[in-house]
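Shown here is one chain on its own, the form predicted alone, set out as structure tokens.
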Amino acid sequence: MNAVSEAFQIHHTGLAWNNQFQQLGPDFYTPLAPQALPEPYWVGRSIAVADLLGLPPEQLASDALLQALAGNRPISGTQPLASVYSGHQFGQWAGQLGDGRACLLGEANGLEVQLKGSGLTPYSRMGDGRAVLRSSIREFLCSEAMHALGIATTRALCVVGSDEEVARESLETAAVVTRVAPSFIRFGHFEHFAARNQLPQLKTLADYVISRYYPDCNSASTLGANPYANLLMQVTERTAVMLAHWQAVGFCHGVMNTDNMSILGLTIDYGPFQFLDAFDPGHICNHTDRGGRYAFARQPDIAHWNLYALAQALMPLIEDQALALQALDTFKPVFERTWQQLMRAKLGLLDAAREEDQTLIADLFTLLAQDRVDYPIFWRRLSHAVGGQHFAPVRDLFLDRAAFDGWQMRYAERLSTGAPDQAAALMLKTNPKYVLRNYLGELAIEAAKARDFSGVANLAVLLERPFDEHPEFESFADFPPDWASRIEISCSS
């Protein structure tokens, strides 16, 4: 039987495969089939993402699809490849990087489908091209959790596991996560061609991104009719909005290198991420980050730094430094405006913004940091307190009760012009009861290592509706156990 007849056929489901990135030409990628993963098994699946792609649920459960997404069977119509890019890592130029363990299958229903952990590529450097079960489960769960929280992100269709051993800090088992996004193009793709002075390729890439994802950049704007300056401005604004959402929900990315920054303003490359437990602006979630470059409070500034790196790469096309700086200058006002809007919603402030709101918010965060208050629990308790006008459970979270009392009096006065029930309703839809705390992921991972995937399935269901009460999962919204603070996560995956 030849390879074509053996190929997994999914076009009858309505999926029409193409790969527009592949049409950019061989300077942008290496054609490459995924590497087979022995004896694969399902670990987790997302029906919602399957629906996005047009895959019916019954096919998502099939052995044929399992084998295809493990890299063991070609998928008819796909044109798999690994793309090349470069980037700054921890603030230093790292040179050529690329998809060292990822394989872009192509596009289905306008979305790129990528296998992460699918084996060696020409860009693997010293790596083995594999991802491990631990990190694949974390990425699968967090991708879908972030989407449910309303944060721009790549998505995850499924995780496929195997007993194949891979060496990290200890021996672990391999896995492949199938990721989905409109595009996986990063800042580093532009840096790659700019650094090599390959200006025709740089222009080809920029024109492709503008044509597909930012078509209005060809129209005149505040920056005039310069499409590349307009592209920089729109990427800057999307990135600022994304960072405001990260900071509002307490999300730490952990490794904000320029090759981990999406040109579409999507949260991408879930590695040593963490949702805050105790609120600590200086929290470092990646134990590889010994200098604290990517500490929680530094994330907006690092994103802005990364945008400057993108601007430098685009300068041969923009050709006007003043325009580039004008585009970059949109970051801080867009971030601040979005942040204030999000915080006002988290506080249930329904009327027009007032000058004192900024001080109220700033003083609150000073108190949260001073007493290391549990961040998700604080916001959820505050949401219920506003509805029932019973603030004792919130007050109990603070060591300095007098300081909280003073703030709460000001907050109550600020709320007095609105309807408490309406404010509480907004807050309960804004402040999640459930986030993917590290220890919850760790419990699911430990069970999965023993082939018990119920923890992954339960978390997937829970995090798909994080604002609902889910009384059957009440313990998942409680304070983390003491051992949670000893969990270490790093770039190793």
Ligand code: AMP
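These numbers were taken from a predicted model, which means no experiment stands behind them. We number the residues from 1 along the sequence you see.
One more form of this protein, predicted in complex with the named molecule, exists but is not displayed; see below.
- In the predicted complex, the named molecule sits within 4.5 Å of a heavy atom of residue 97.
- The named molecule in the predicted complex is approached by residue 129, whose closest heavy atom lies within 4.5 angstroms of it.
- In the predicted complex, the named molecule sits beyond 4.5 Å of every heavy atom of residue 107.
- Taking the partner from elsewhere, residue 340 is found to have every heavy atom lying beyond 4.5 Å of the named molecule in the predicted complex.
- Taking 168, 203, 290, 196 one by one, only a single residue has any non-hydrogen atom within 4.5 Å of the named molecule in the predicted complex, and it is 168.
- Between the named molecule and the residues 134, 380, 101, 155, the one pair within 4.5 Å by heavy atoms in the predicted complex involves 101.
- With the named molecule omitted here, the record of contacts in the predicted complex names 121-129 of 244-252, 393-401, 121-129, 348-356, defined by a heavy atom within 4.5 Å.
- Applying a 4.5 Å heavy atom cutoff to the named molecule in the predicted complex picks out 259, 260, 269 from 256-280, in order along the sequence.
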